[in-house]
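So this first bit is one chain, no partners, the form predicted alone, shown in structure tokens.
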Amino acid sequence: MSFDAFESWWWPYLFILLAGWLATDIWRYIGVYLGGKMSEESDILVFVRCIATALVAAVIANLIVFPSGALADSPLELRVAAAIAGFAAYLFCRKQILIGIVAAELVLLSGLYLLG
């Protein structure tokens, strides 16, 4: 079954619902159901947490080193400096994620403004 399977007007919406939402959310519901019955210190949950953290780190590294869109026009040094500033702000402000994100954005936007 593909996106072009039917000619009906409602088919793209149903396709998005089935392929985009249900296919990913069913795994989340299963994970919440199974995770609620497991200890937070169990080996499998620690392993899953390590994999999830590694995936997020890989996405962030990919955005910094190989960006696309408007971010690709910014210098690599500025992107790295923004990430370091955001991480430092996160650590100095008692691990507040929002402060780290805002600090990184401020450094990135200030650098882009100064570069013209």
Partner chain sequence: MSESPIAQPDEESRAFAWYLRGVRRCFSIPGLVLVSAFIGFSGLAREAGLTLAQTVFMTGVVWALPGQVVLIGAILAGNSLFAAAFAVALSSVRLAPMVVAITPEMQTPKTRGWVLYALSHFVAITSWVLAMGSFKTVPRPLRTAYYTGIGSTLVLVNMGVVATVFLVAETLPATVNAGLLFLTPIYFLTSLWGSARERAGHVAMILGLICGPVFHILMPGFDLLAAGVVAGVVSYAWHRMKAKNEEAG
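Residue numbers count along the first chain shown, from 1. If you superpose the two forms and keep the largest set of C-alpha atoms that fall within 1.5 Å, you have the rigid core. Just so you know, these numbers come straight off a predicted model, no measurement behind them.
One more form of this protein should be noted, the form predicted together with its partner chain, which is absent from this view; the next part is about it.
For the chain shown alone, Phe15 is a contact residue for its partner chain in the predicted bound form, at least one non-hydrogen atom being within 4.5 angstroms. Looking at Trp11, you'd find a heavy atom of it within 4.5 angstroms of its partner chain in the predicted bound form. Put simply, Leu115 is far from its partner chain in the predicted bound form: not one heavy atom of it is within 4.5 Å. Though the partner is left out of this view, Arg94 does not reach within 4.5 Å of its partner chain in the predicted bound form, counting heavy atoms only. Contacts of stretch 47 to 83 with its partner chain in the predicted bound form, defined by any heavy atom lying within 4.5 Å, are made by Phe47, Val48, Arg49, Cys50, Ile51, Ala52, Thr53, Ala54, Leu55, Val56, Ala57, Ala58, Val59, Ile60, Ala61, Asn62, Leu63, Ile64, Val65, Phe66, Ser68, Gly69, Ala70, Leu71, Arg79, Ala82, Ala83, listed in sequence order. Comparing the forms between the shown form and the other one on their rigid core, the Cα displacement of Ile101 stays under 2 Å.
Compared with the form shown, the Ser68-Tyr13 C-alpha separation decreases in the predicted bound form, the change being 3 Å or greater.
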